[in-house]
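Next comes just one chain, in structure tokens: the form predicted alone.
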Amino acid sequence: MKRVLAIILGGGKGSRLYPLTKMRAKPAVPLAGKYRLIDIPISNCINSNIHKMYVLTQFNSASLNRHISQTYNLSSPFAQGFVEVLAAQQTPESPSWFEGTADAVRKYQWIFQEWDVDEYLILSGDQLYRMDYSQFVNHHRTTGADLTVAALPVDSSQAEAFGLMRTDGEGNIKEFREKPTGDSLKAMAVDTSRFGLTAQSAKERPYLASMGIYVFSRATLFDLLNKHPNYKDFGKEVIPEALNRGDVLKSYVFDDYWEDIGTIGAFFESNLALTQQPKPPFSFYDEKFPIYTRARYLPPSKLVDAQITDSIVGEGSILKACSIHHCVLGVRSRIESDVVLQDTLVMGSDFYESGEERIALRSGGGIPLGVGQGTTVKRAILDKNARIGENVAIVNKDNVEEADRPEEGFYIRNGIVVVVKNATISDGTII
């Protein structure tokens, strides 16, 4: 795998994940109490012995830069490992920002071409899954492919949201359609049992969806990008062009947990699903294939008189006499007495406030970090450093699906109340 370079695409504005992307790039959004989305593809690379990685982003990249620099130092006198962020920039030759996945790679191809590698592994920065990319790359090599696309078996209800592949018995991609519907969708069905699915599972999931993960042979990638400078997107333009001109396109079927965390709803449900027992759909408890993140050296969590069920609590948290059910609490979470949290994601805090600071805040009319006494929160996301006052109710009392209340410190997306980073919710507020 020393001759493979990974390129992780950070995505655009992340408008579907807004307001979580208001102050951070999409790959820097916190995950599972202590990780960030970018930790998933980087950890997959490290566990696959792929140690040369670039992360491409163009919006709010400061926290992403900081996280990567503090977490991943892969260099040594005996290795060429690195993880480096490449932010979009305007130059005389390229006056515009990234205009799509393929355009982002094209704009930095002069850096990618400097490396003496045989394949380029193109990854997404906003997906939750565990994959050994070395098997993916070896499949690409042994089949003699120019381009290999990771494929996920899906049912008809899911299929309409993806680019779909129609393949033959050997996994050769014969047709590629972007988000087909109706008869066009039905025409893309394949017998997925030949890729290892059971007969019943193959009947339920007869479509192969592109996961947005690709292996390109070196010459193929740059030839496609340079001969078609107007092509901006891999899925919509580059892959169909490679198919039309006769390149060898192969599928690599991945039949395991995979979630595209592109919306607030998907992000919320994916986080809370981690609390399922005894076997969550995705687990961070895998010693052979760990997910890495920044070492914070925080103290253990302290539980005074808390009742907790089906939840995850990040380190360095302090929980008093509260009730917590089906929640994920991030690092340094502070939950006061008589608080009820249900179906809620609390991202925690970036710093502590001492007891003296909290008392001084209260006496001066301010609100300390965390969730204040007597507060109830149900089906919500509390972003980092949120200050929730006493006797607050965040329950979406009017059952609103979508709402923007930036002046009040929250938004509602998919019926989920999202309290923004650094927001303050005053005592007694009812949302």
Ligand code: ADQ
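Sequential numbering from 1, following the sequence displayed. Bear in mind that the values here come from a model prediction, so they are computed numbers and not experimental data. Superpose the two forms; the largest set of C-alphas matching within 1.5 Å is the rigid core.
What comes next is about the form predicted in complex with the ligand, which is not displayed.
Screening 118-126, 245-253, 320-328, 304-312 for residues having heavy atoms within 4.5 Å of the ligand in the predicted bound form returns a single hit, 118-126. The ligand is not drawn, but in the predicted bound form it has no heavy atom within 4.5 Å of Leu147. For the chain shown alone, Pro206 is not a contact residue for the ligand in the predicted bound form, no non-hydrogen atom being within 4.5 angstroms. Of the heavy atoms in Ser210, some are within 4.5 Å of the ligand in the predicted bound form. The closest heavy atom approach of Arg194 to the ligand in the predicted bound form falls outside 4.5 Å. A single residue from the set Lys179, Lys174, Lys227, Arg141 has any heavy atom within 4.5 angstroms of the ligand in the predicted bound form; that residue is Lys179. Between the ligand and the residues Glu336, Glu353, Asp260, Asp223, the one pair within 4.5 Å by heavy atoms in the predicted bound form involves Asp260. For the candidate spot formed by Arg130, Val154 and Gly265, no residue has a non-hydrogen atom within 4.5 angstroms of the ligand in the predicted bound form.
Taking the ligand as it sits in the predicted bound form, the stretch 360-398 never comes within 4.5 angstroms of it through any non-hydrogen atom. In the core-superposed comparison between this form and the one not shown, Phe59 has its Cα shifted by at least 2 Å.
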